[in-house]
Every structure is written in C-alpha cells, then in structure tokens.
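Next up is one chain by itself, shown in structure tokens, the form predicted on its own.
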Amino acid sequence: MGFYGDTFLPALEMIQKEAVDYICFEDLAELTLAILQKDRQRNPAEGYTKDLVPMLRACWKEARAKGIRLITNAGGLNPRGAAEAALAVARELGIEARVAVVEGDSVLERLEEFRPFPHMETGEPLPEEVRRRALFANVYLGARPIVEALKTGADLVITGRVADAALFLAPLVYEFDWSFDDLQRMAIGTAVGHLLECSSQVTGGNHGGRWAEIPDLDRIGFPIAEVSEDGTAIITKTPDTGGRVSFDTVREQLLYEIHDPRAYATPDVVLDFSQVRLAEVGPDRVQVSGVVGHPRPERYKALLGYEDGYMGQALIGYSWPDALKKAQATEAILRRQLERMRLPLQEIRAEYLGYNSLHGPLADPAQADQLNEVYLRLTVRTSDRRAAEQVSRVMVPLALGGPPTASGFIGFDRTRALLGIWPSLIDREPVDAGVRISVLEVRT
C-alpha cells in the first residue's frame, strides 16, 4: 500500500499467487499524522491507521501459511495500540502470531533534550508558544530497528514514523546480511524502496504520460522488486494483473518527491540518482542500476505538529450563464459581510471549483464566460473557533438573497481544527538511545 486508505486487495492477490517473500504497507504522510492525531484526541487508544485491521483480516492468515512476512508503519502515533489490535485479529482468525513493535520515534516528551529544535529551513528556534501547543513530535527513523525486529522472528512488524523507503530496505539488509556501511547496497535498497513506496504509481497508476494506454486499471497490480544479494534489482508486478511496468512508469516514480537528484537524503544513505540507468529487460520488467550512495546524514529529520487555530469554510454553486461572475459577486458580498462582523480572521481565501481551484493563476480567462457551473469555496483561518463557525452561516441566506441559480451545498458548519507543522533536524544519538523493540505473541 502507498498511503492510508489505499486498497490492499492487490496485496492479497500477491499472497494468493505466492509472488513475494515480504509485503510492506506504507501508510504515513504528514497529513496522515494530522488525521491520526485527531483520532487520538477523540480516543487515546487510537492513533494508528484504521485500515490495518481489515487488511490483516483479509491477508494475514494466508500470508502466515505461506511464510510471507508483513511490515508496516501503520502504527502511526500509537504503534503499541496497533499491535494490540493486530493481536486481536490473530485471535479472531485462530492463528499463532508474533508481532514486533518498533517504538521510540516519538520525542514529544523529550523536546527539552533537543533544544533549540530549529526549523529545518529557517533555523529559527522552536517558539515557546508553539511548544505549548505541540500535539506530536516524531522522528523519521531508518531501517536499522526494523532489521532488529525481523531478527526476532516476527511475522508482522509494526512501526511508527520511519522513512518510507526504510520499510523496503530492511528485509534486504536482513536477508542478505548487508552492512549499513556498504553504501552501494544501501543506495540500491533504498532506491528500490523509493520505487515501491507509492504502490501502483510505479505500475501505471497516476501516469502522466500516455495514461489512456495503460491496460486494465480496474485490476491494477502492485509492484514487486526482485533483488539479488549483489544488488541487482528488477521492478515488476504481480503476474496476470493490470497496469504496466515500463521505462516511463518507473522513471516517473523515480523522480517523485525528489528535490535534489544528486543528494536525496534518507536516514540510511544519501542517494545520487544522476547516473541511474533503467533498462526494460522483458515485459513488465525494468532493471535499475547506477544508483550511487553517500554517507547518511548526521541528523534525523523530525516533525512536530501543533494546534494552529481553525478553518471555517462554505461552498455554493452557480450555473450558466455567468456562472463565474455570480460566484465572484458572492465572494465580494461575503467579504463585506465578514468585515462588518469584525471577526478575528487571520486569512480569507476564495477559490472557484471548475475554474481555478486546480490551475490557480494558470486558469485561462478566455474560458471564464463559457463555464457550465462554478462553485465558490470560501475559507477562513482564525484562532477563534466561534469565528470560524460563522462562515457557513453567513453564506446560507444567499440562497435567496444573492445572485441567481445558487445551488449545491450551501452549508452546515464545516469548521475544522488546523495543525501546524514544524520540521527540524536533530541529533541521532539521543533518538537511537530511545528506540525499543518489543515482541507480542498469540499462541493457539
């Protein structure tokens, strides 16, 4: 899986066809941590991704029978809670299970040890007002603790925040006994992880090229990496599934989320992709070579999330003729009304769905008069929840008191708490000292 909410059915197909030795379920992103924090605020026992349990119900029993081991960062902000939920599934399925839990990525209770916790881009020390509002602070761990977890014989490894590619590097290090000082093997293993971490995006999904020619997206297959001890790596997919693995699909994922292709930093190695070679060596088979590894960064990346006020929003739609002009007129009405209310708003933002909500300033004004329908989405940011709640209420009377053809959603309260993000780079040694691995078991 490539994100929280991705389908796990292609993984089940992998298991049924015995196509792999390991399956890695990569669930986390910055947005995911924010979602999990809201879950945890409602119920302290939560904080892990809720798709873990249905995935295990569908996949785990057959995976256990076929010796396929599972690795996931679905633990999110509560790896221990995720492990307890997994054990409950094992009892429900009537299987023996050994679950290894990797903890220690959370440093929220240890922020004093990492002062000044400088902002990764600006160098600014963490302000005290932000620290007081902190809800979580997690470090991107590497593959080492996952390797140690695999050494316990675990059938399932659950982690919190680790670097995405580390999930996939770890079984290679474990199986081949690679040294973390072998930079070339760390580089190819991490490159493989980078290619697999977004699931079907490397097998033709979300393809920006000749996407209409990708076959059978209704049954797209998940990617597989066949890796040899010498570092030879081939990207393929589950046999007899839809999608495609080609030079184009692989290179598109290779460049995904890469800032500097000569220095892509991960906790285990810094990658240089500038000399990568991709070769189609068969149908749906692409060999990857030429990745260069440099020593790992001296510090870990950490991410702190904090309460950052509230967003209020409302949505209203208009139809042709003059759909955009009607929406623009409504925006002007709302802005004047909100100004008269003297609400403590820090920011007001308007966008027009159907015109510029995706293209922004690149939207073509020449098309504006011909639009069949346009939705105005007005949002505000404020530190006062009651002020945020006013936005949708102000919009409702415009159903009859504004421009004509108002329709669609006109709104009940759509207020949401906002989470701010503070990225930092912190010393590795204190983090590593706090990493711990525990094993939980179910015996029949």
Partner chain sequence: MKLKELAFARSSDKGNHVDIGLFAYTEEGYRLIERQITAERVAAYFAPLGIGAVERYEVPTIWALKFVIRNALDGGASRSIRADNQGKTWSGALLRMEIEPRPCEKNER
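Note that the structure is a prediction, hence the values are computed from the model and not measured. Residue numbers count along the first chain shown, from 1.
Keep in mind the form predicted together with its partner chain is missing from the figure; the text below concerns it.
Peer 1: Of the listed stretches (46 to 54, 26 to 34, 61 to 69, 399 to 407), which one has a non-hydrogen atom within 4.5 Å of its partner chain in the model of the complex?
Peer 2: Among the listed stretches, the partner-contacting one is 26 to 34.
Peer 1: Of 325, 262, 285, 294, which one comes within 4.5 Å of its partner chain in the model of the complex, counting heavy atoms only?
Peer 2: The option sitting close enough to the partner is 262.
Peer 1: Could you work out which of 148, 226, 113, 248 is the residue within 4.5 angstroms of its partner chain in the model of the complex, going by heavy atoms?
Peer 2: Result of the distance check: 248.
Peer 1: Considering only heavy atoms, tell me if residue 366 and its partner chain come within 4.5 Å of each other in the model of the complex.
Peer 2: Because no heavy atom of residue 366 falls inside 4.5 Å of its partner chain in the model of the complex, the answer is no.
Peer 1: Check whether residue 190 has any heavy atom within 4.5 Å of a heavy atom of its partner chain in the model of the complex, and answer yes or no.
Peer 2: So residue 190 does not count as contacting its partner chain.
Peer 1: Find out whether any non-hydrogen atom of residue 88 is located within 4.5 angstroms of its partner chain in the model of the complex, and reply yes or no.
Peer 2: Close contact is absent here: in the model of the complex, residue 88 is far from its partner chain, nothing within 4.5 Å, heavy atoms only.
Peer 1: Tell me, yes or no, whether residue 380 is in contact with its partner chain in the model of the complex, where a contact means a heavy atom of each within 4.5 Å.
Peer 2: Result yes; residue 380 sits at the interface with its partner chain in the model of the complex.
Peer 1: In the model of the complex, which residues of 194 to 228 put a heavy atom within 4.5 Å of its partner chain?
Peer 2: Sequence-ordered list: 201, 205, 206, 207, 208, 209, 210.
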